[in-house]
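Below sits a lone chain in structure tokens, taken as the form predicted alone.
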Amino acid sequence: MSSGRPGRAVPRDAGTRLRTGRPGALWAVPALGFFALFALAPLAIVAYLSFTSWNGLGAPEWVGWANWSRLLSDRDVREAAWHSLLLTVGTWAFQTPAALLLGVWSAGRGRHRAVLSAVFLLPLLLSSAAVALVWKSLLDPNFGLVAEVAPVLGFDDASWFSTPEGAFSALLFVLGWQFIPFHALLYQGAARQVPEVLHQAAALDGAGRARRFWSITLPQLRNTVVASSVLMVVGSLTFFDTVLILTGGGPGTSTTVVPLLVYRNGFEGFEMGYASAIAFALVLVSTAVSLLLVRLTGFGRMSATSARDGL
């Protein structure tokens, strides 16, 4: 019967498409299970504890909105939120230009660039705790490398962690040393997808290297800049181990960020309920900031240009 109705003829490769089509929803069950077990369930527990008073022992006592009312009037929370904001802005302002330039440079051809790119990526293999311990030793004003180098460079005082500005600068430097390679890797991959014919045409028109970067490379990397910025901003709001090891939130409370305040209230003050309220508020703020960035930057329209930009 099918031979008399050519409009319904089955394509020769239909069977192949059926066998190699997109997997069904059942394939996502393991990932969804892990996400529910290790992300949603702890988040739900933290949300519940934020309405309780609990010192870590015994049963939590329901206190309603008491922790949230205290959070809104807590001076320490406002101060830590301000420090987190400064650290986020400073991280983005420092890491984005450095990662962008490094990524575009390493995307070029040449064996030396490939070797140096591999060296630059070494910090990605280290844990945040290890990086913080190494740099804390190097920046030690008495026994670290900086104590030997600072007099040679004309600095009398190498106590980076004794002033708020020095401690904050040290945090920005160490965090940049660790995470710039990751973002440079994103820019490197995206820069290699920029059609070479665009650069060749611009060169024929007399455009120099700087002009080609501003007029061709940078616009082509727009989506990558947005993606890197979202990762950078949301990640900066949750910095904890590096701050704890490197400065301990000091001097005083000048580098105490919100995650460190959560740790102190929960595991030093044994106020698990109040710490949970701060932690859950941080989750809400991070989610809101991420959605706001997606909305303002048009990141949601990336799919329409992904093929062109190679992402």
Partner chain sequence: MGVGEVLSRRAFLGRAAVGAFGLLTLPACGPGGPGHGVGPGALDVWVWQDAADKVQQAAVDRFNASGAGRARLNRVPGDGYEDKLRVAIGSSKAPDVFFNWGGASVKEYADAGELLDLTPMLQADTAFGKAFLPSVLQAGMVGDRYYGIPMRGTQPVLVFYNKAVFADAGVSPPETWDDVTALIAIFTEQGVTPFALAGADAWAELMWLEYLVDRFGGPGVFERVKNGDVRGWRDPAVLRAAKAVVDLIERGAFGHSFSAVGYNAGGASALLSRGRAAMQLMGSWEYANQLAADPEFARGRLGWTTFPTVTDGRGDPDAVVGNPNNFWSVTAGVRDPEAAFAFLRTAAEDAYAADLVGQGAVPTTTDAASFLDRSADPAFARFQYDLVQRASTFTVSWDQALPSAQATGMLTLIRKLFAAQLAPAELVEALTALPRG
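For clarity, every value in this text was computed on a predicted model and none was experimentally measured. Numbering follows the first chain given and starts at 1.
Here the subject shifts to the form predicted together with the partner chain, a form of this protein not shown in this document.
Stretch-level contact analysis of 189 to 197, 236 to 244, 109 to 117, 217 to 225 against the partner chain in the predicted complex, using heavy atoms and a 4.5 Å limit, identifies 236 to 244. The candidate spot formed by 55, 129 and 159 lies fully in contact with the partner chain in the predicted complex, as each residue has a heavy atom within 4.5 Å of it. 133 is the sole member of 207, 133, 81, 150 with a non-hydrogen atom within 4.5 Å of the partner chain in the predicted complex. 141 is the sole member of 166, 141, 123, 90 with a non-hydrogen atom lying within 4.5 angstroms of the partner chain in the predicted complex. Proximity of residue 33 to the partner chain in the predicted complex: non-hydrogen atoms within 4.5 Å are absent; the residue sits far from the partner. Contact annotation for residue 276: at least one heavy atom lies within 4.5 Å of the partner chain in the predicted complex. Interface residue remark: residue 64 is not counted as part of the site for the partner chain in the predicted complex, having no heavy atom within 4.5 Å.
In the predicted complex, the partner chain lies farther than 4.5 Å from every heavy atom of residue 60. For the partner-free chain shown, 238, 240, 241, 244, 251, 252, 253, 254, 259 of 236 to 261 come within 4.5 angstroms of the partner chain in the predicted complex, judged by any non-hydrogen atom.
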